[in-house]
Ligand code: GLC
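Single chain ahead, by itself, as structure tokens, in the form predicted alone.
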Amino acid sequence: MQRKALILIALAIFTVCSRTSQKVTFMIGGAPAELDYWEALASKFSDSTGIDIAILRQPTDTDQRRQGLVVPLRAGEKDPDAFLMDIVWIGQFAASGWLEPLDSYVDNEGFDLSPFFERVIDLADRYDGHLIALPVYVDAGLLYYRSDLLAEYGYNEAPVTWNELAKIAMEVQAKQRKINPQFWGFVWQGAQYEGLICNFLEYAVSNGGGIVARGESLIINSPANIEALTFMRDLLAKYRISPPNTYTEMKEEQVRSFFESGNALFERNWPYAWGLHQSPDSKVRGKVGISLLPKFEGGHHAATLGGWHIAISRNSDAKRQAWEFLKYVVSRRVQTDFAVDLGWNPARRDVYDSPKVRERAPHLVKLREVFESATARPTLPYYSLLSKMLQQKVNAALSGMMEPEKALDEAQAEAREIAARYKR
């Protein structure tokens, strides 16, 4: 009897130790409701697999979240095992050797990547030939418009080119101001922050430009980019269809609330704004359409890619268990729940065909087309330095303090210096 009891105790100890060895620490930030959702999701996963997930909560602020990851990863700590990354962090984290390559996990299990947006995987989740992350949810810039006002003034659809947008915006703005002096044709993110670079890239890439890598150099001051930046400035100074505070104050929420108050015809923003525009207290509820962002003549539609991606730390001591959690997070069922419960844009194309998603979030059908044409910010280990510098130059051009060509010439020279410093 005593021997049997000792055996049972030993088995219990073995079970506890075995379960403890499978524990995965997952670092995640966001709003309190989102963190609670992740806690519940982790609990469901643990119940079905026996793998414990310990949620390490981070703040909502993106910069604080990034720093909270950089410290343990740089120090080679075993925790966190897995974490979410903003898309613009991936290049730095990968170049620093902090991310576990996922190729062997995918190959050994025959994990199917085909349901995901191929363009997102290729642009954001591959580095130096290796798969180093998976998308959890995606974002891309899009055009919101007042469908009621376009119809009132004889337009059946959203503008296809930027020149068409300017023409329509000037016409409608002039007529609407007779009844609403606060009305503007087009609101977008022009303040000096990361959102400005997202906007700049959309104009530049839709004109055949962008931040292009050529060998070890970056091409920033191309004719296509200069033309695109000139057009951005003209929205303020020539066409006068965007508010004067565009380059001083306009970020996502300022733009969203301005449009939602009924004071604008067109709005550039991320998909999150859709649900808020349809809220009961919104003055534009039921009057909003979404479309691809316009393009320049001869160019193609472009939307800067955003979103969050999940990865495994190279220093993790629970990589196999972390991989199981990654698969769960990006599974079709969980991605569907993200779309329905949180309003997140699925990283999997097959979720957009779900009857449940089509019923609860019909606007996602249009967003699928937007994500197919998305363009990524450069995947560079020094991207944060490049972005801060470029924000200053582009904003100076918008404010009229610097000519677009001079701003991008200076950006070109400083980009070379940043790249050279990083390589030393």
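Between two forms, the rigid core is defined as the largest C-alpha subset superposing within 1.5 Å. Quick caveat, the model's predicted, so the values are computed rather than measured. A residue's number is simply how far along the shown sequence it sits, counting from 1.
Although not depicted, the form predicted together with this ligand is the subject of the following passage.
S.K.: Exactly one stretch in 96 to 104, 70 to 78, 305 to 313, 318 to 326 has heavy atoms within 4.5 Å of this ligand in the model of the complex; which is it?
M.R.: Stretch with heavy atoms near the partner: 305 to 313.
S.K.: Taking E227, K393 and D409 as the candidate spot, are all three within 4.5 angstroms of this ligand in the model of the complex by heavy atoms?
M.R.: Per the other structure, none of E227, K393 and D409 touch this ligand.
S.K.: Name the residue from E260, E267, D125, E194 that puts a heavy atom within 4.5 Å of this ligand in the model of the complex.
M.R.: Checked against the cut-off, the match is E194.
S.K.: Pick from E252, D337, D234, E171: which has a non-hydrogen atom within 4.5 Å of this ligand in the model of the complex?
M.R.: Only one option qualifies, and that one is E252.
S.K.: Against this ligand in the model of the complex, would S384 count as a contact residue? Criterion: heavy atoms within 4.5 Å.
M.R.: Residue-level check for S384: no, no contact with this ligand.
S.K.: Closest heavy atom of T62 to this ligand in the model of the complex, within 4.5 Å or not?
M.R.: Because a heavy atom of T62 falls inside 4.5 Å of this ligand in the model of the complex, the answer is yes.
S.K.: Since only the chain is shown here, I'm wondering whether C198 would be in contact with this ligand in the model of the complex (any heavy atom pair within 4.5 Å).
M.R.: Although this ligand is absent here, C198 would touch it in the model of the complex, with heavy atoms inside 4.5 Å.
S.K.: Can V88 be called a contact residue for this ligand in the model of the complex at 4.5 Å between heavy atoms?
M.R.: V88 belongs to the contact set for this ligand.
S.K.: Mind listing which residues of 30 to 54 have a heavy atom within 4.5 Å of this ligand in the model of the complex?
M.R.: Read in sequence order, no residue approaches this ligand (within 4.5 Å, in the model of the complex).
S.K.: Taking the rigid core as the reference frame, is the Cα of K295 displaced by 2 Å or more between the shown form and the other one?
M.R.: Moves: no, less than 2 Å.
S.K.: Cα of G30 displaced 2 Å or more between the shown form and the other one, core superposed?
M.R.: Yes: G30 shifts by at least 2 Å between the shown form and the other one.
S.K.: Do A124 and A224 move together or apart in the model of the complex, judged by C-alpha distance changing 3 Å or more?
M.R.: Compared with this form, A124 and A224 lie farther apart in the model of the complex.
S.K.: Quick one: with a 3 Å or larger change, is the R66 to E194 CA distance smaller or larger in the model of the complex? Answer closer or farther.
M.R.: Nearer in the model of the complex, by 3 Å or more.
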